[in-house]
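Read the single chain below, which is given as C-alpha cells and is the form predicted on its own.
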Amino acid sequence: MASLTDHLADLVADVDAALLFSPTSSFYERFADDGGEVVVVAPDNDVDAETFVDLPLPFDNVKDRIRFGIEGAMDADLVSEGDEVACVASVFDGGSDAVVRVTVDEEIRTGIYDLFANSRAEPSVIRDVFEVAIELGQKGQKGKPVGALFVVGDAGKVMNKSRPLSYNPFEKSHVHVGDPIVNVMLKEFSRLDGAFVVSDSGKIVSAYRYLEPAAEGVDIPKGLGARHMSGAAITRDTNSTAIVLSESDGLVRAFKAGELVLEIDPEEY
C-alpha cells in the first residue's frame, strides 16, 4: 500500500488551499488546526469557518459542485489563477470521501456563481429559468433557432416598466418555473414576441411584455440587438436579472445592474 499512500500524499502536496465541501465540524477542525488555507464551501457556515463560500444550490454532479465552489472562491479573492487547490467532497452519502486536485484557471470563472448566488430571486429560480434558456438554445423551437427574454425578480417594478403586447396567459394562474409542464409552456410561448416576467419565488407573472426602461447610458457588446438592450436596461432600472437567448448566435447571456455578467454557448453547458 506504500505506492497508494505516496500517491495520495503527492495529490495534496504543496497545495495553496483546501476547499472543504459541506464538512462536519470534527472534519473541519482537523484541517483548521493544520494551519493551512482552508475554505469551507457549503449552504450554511455551520462549522463557523473563518473563510466561507456560500453554496446556494445542491449539485448532484461532483464536478459541477467543485467548479461552482472554485468560482465562488475566485470571486471572493480567496484563490487565483495558477493556484493548486485540494477539493475534499462527498461522492456518496457517507461524508467526505473524495479528494480532487485542481489547478485554478480563469476559464472556470464563467459568471454562473455570481448569477446564482448574488441575484435577488431565489437561486433555484435563477437556475430553473437559466436551464429553460439553455434547453431552448440546444433544441430550438421545432428544430429552428429561437430567441427569448426572461426577466427574473422584482416583478412589480418590472411590470410597471413594461406593457402587454397581447393577452397574458399567466394572468390568473399560479404556476411556477421548474415544473416540467410549465417549462414546456414557456418553450412554446417563447416563439412569440415579448419578455417573460418571473417573480423572486419563481411564479410566472406574465408573458408577452414589452419592456420600456430608459436605455440611455446602457452599454452592451457591439452586435447585440434590441432584446439584449432592453434586458440590460430593465436590470439597471430594477433589481432584476435578465436571461437572454439570442436567436442569431444561439448564446445565452445574463445581465444584472445593466451589465453583462455571463455568456455561455448552450452546446457547451
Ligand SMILES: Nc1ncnc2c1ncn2[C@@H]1O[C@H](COP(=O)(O)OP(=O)(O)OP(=O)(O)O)[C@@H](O)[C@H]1O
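This one's a predicted model, so the numbers in the text were calculated from it and none came from an experiment. Counting begins at 1, following the sequence as shown.
Below: the form predicted together with this ligand, not depicted.
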- Message: Quick check on this chain: with this ligand placed from its pose in the model of the complex by superposing the site C-alphas, is the site open or blocked (blocked meaning at least 3 ligand atoms within 2.4 Å of backbone or C-beta)?
- Response: open
- Item | Option from 221-229, 235-243, 59-67, 41-49 whose residues, in the model of the complex, bring a heavy atom within 4.5 Å of this ligand | 221-229
- Task: Would you kindly say which of G72, G194, G153, G137 lies with a heavy atom within 4.5 Å of this ligand in the model of the complex?
- Result: G194
- Just one of V88, V129, L149, I112 has a heavy atom within 4.5 angstroms of this ligand in the model of the complex, so which one? L149
- Item | Partner contact for E259 in the model of the complex: this ligand, 4.5 angstroms, heavy atom | no
- Message: With a cut-off of 4.5 Å between heavy atoms, is Y210 one of the residues that contacts this ligand in the model of the complex?
- Response: yes
- How about D10: is it within 4.5 Å of this ligand in the model of the complex, going by heavy atoms? no
- Closest heavy atom of S248 to this ligand in the model of the complex, within 4.5 Å or not? yes
- Going through 151-175 from first to last, which residues have a non-hydrogen atom within 4.5 Å of this ligand in the model of the complex? none
